[in-house]
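Here's a solo chain for you in structure tokens, the form predicted on its own.
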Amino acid sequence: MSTARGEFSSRFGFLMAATGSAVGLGNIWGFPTNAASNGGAAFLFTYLILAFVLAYPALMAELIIGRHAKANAVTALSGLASTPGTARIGAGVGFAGMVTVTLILSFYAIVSGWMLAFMTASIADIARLETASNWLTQSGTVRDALFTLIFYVLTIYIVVAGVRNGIEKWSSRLMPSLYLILIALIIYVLTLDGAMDGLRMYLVPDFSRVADPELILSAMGQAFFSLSLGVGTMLIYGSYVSKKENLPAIGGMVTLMDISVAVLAGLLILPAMTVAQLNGIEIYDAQGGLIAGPALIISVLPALFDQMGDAGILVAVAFFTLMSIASLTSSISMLEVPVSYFVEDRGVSRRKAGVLLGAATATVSLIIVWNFGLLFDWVVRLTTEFSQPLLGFFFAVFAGWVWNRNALLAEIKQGHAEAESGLFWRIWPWYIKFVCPLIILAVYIQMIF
């Protein structure tokens, strides 16, 4: 069955695919702006701790369930159950994950289309095509719809090619490129006047803020969501991992790589913000709050690039190429969640499933584009603030309470024979059973209230 489904050919391929899934636009702007709004280094310090005490155990739950079942989220979760009732709940959580990840992709593709448009505009600037560049950088339904569709074409092309020839092949190419571009941009920005102020804000902690409940909850949310947990993407990628692999080890590697991109993004964005402020560019809104999210990426930073002259054009090309790569490596994992279900449980060919599901999700995206003010923020909030935390809670409950403990240990021992005597097995089962659900519920309650 595993051969028919496809399997990552190497540990490197899995690491690049899983890290690509985790690393997205949220890492590049979400983490830095969260840090800037919550004490800089104090947030970084708290985030680094919580990434391992919260995100890593939850990631391991998805990877272990996925590799054990060698199936999509619906089949995997229902298969862990010992009663008809829990099996139905498991299937329901799997379906809810598919719907949630599809809705996430529907708005994510729109923002990713903006990144492609700005990247194309930067190339137009090099060619001195001023009219084209102006059209590409000004928001409009036609531009947004066009580049959203282009982004879907790229995503569908990779997913229909399969696990090895599509997801693994392109992740192994794109992720090293992302690291190289990110490091090159950091080196350049740190040479600019004003960059050291941002660097000090990011790296010199005010430990009096570490105990701030709002900062702690914000860091928890960032740690959990940065690894794209709760919607089945990591479960699916785990199902493509060889039984010979040491899951606790590779799960730790994915966590470290995801954290490294977030931390590197902070080294780029926070100094760039203080450079922009020194150059007279507003980085705070009318209410005095820090400009964050898409507004930071499509207004503040392009204004900074414009002030750099010809060098700024090259920096803009590199930056928006970086953002486009981060977008694409995440979107392919999102589309893979429903595709895997229709291929395995409904007997649809991968090509047909990828095209039809991609087209259906693109239709939802276009509806949002044409009703942007009404739907965009609502869909973002519904999926990321309400659905995703609750689904993460159920994944932890299934790993900690529903799955038989001996079967769980047997799965881990397949790639790590000494697992029972190791530190991971002494801590993780208890942790995923009690601590993770409580922390996730705390984040969920904080999101609501």
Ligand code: PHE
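The term rigid core refers to the most C-alpha atoms you can superpose between the two forms while keeping them within 1.5 Å. All residue numbers refer to positions in the sequence shown, first residue = 1. These figures come from a predicted structure and were not determined experimentally.
Just so it is clear, the following notes concern the form predicted together with the ligand, a form of the same protein that is not shown.
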note = Of the candidate stretches 416-424, 62-70, 23-31, 396-404, the one with residues having heavy atoms within 4.5 Å of the ligand in the predicted bound form is 23-31
ask   = Exactly one of Ser171, Thr233, Ser239, Thr155 has a non-hydrogen atom within 4.5 Å of the ligand in the predicted bound form; which residue is it?
value = Thr233
note = Heavy atom within 4.5 Å of the ligand in the predicted bound form, from candidates Met115, Val339, Ile167, Ile104, belongs to Ile104
ask   = Would Ser228 sit within 4.5 Å of the ligand in the predicted bound form, counting heavy atoms only?
value = yes
key: Close approach of Ser365 to the ligand in the predicted bound form, 4.5 Å, heavy atom   = no
task = Look up in the predicted bound form whether Thr46 has a non-hydrogen atom within 4.5 angstroms of the ligand, and give yes or no.
result = no
query = Do Leu77 and the ligand come within 4.5 Å of each other in the predicted bound form, heavy atoms counted?
reply = no
key: Residues of stretch 400-433 in contact with the ligand in the predicted bound form (4.5 Å, non-hydrogen atom)   = none
inquiry  = Once both forms sit on the same rigid core, is the C-alpha displacement of Tyr47 at or above 2 Å between this form and the one not shown?
reply    = yes
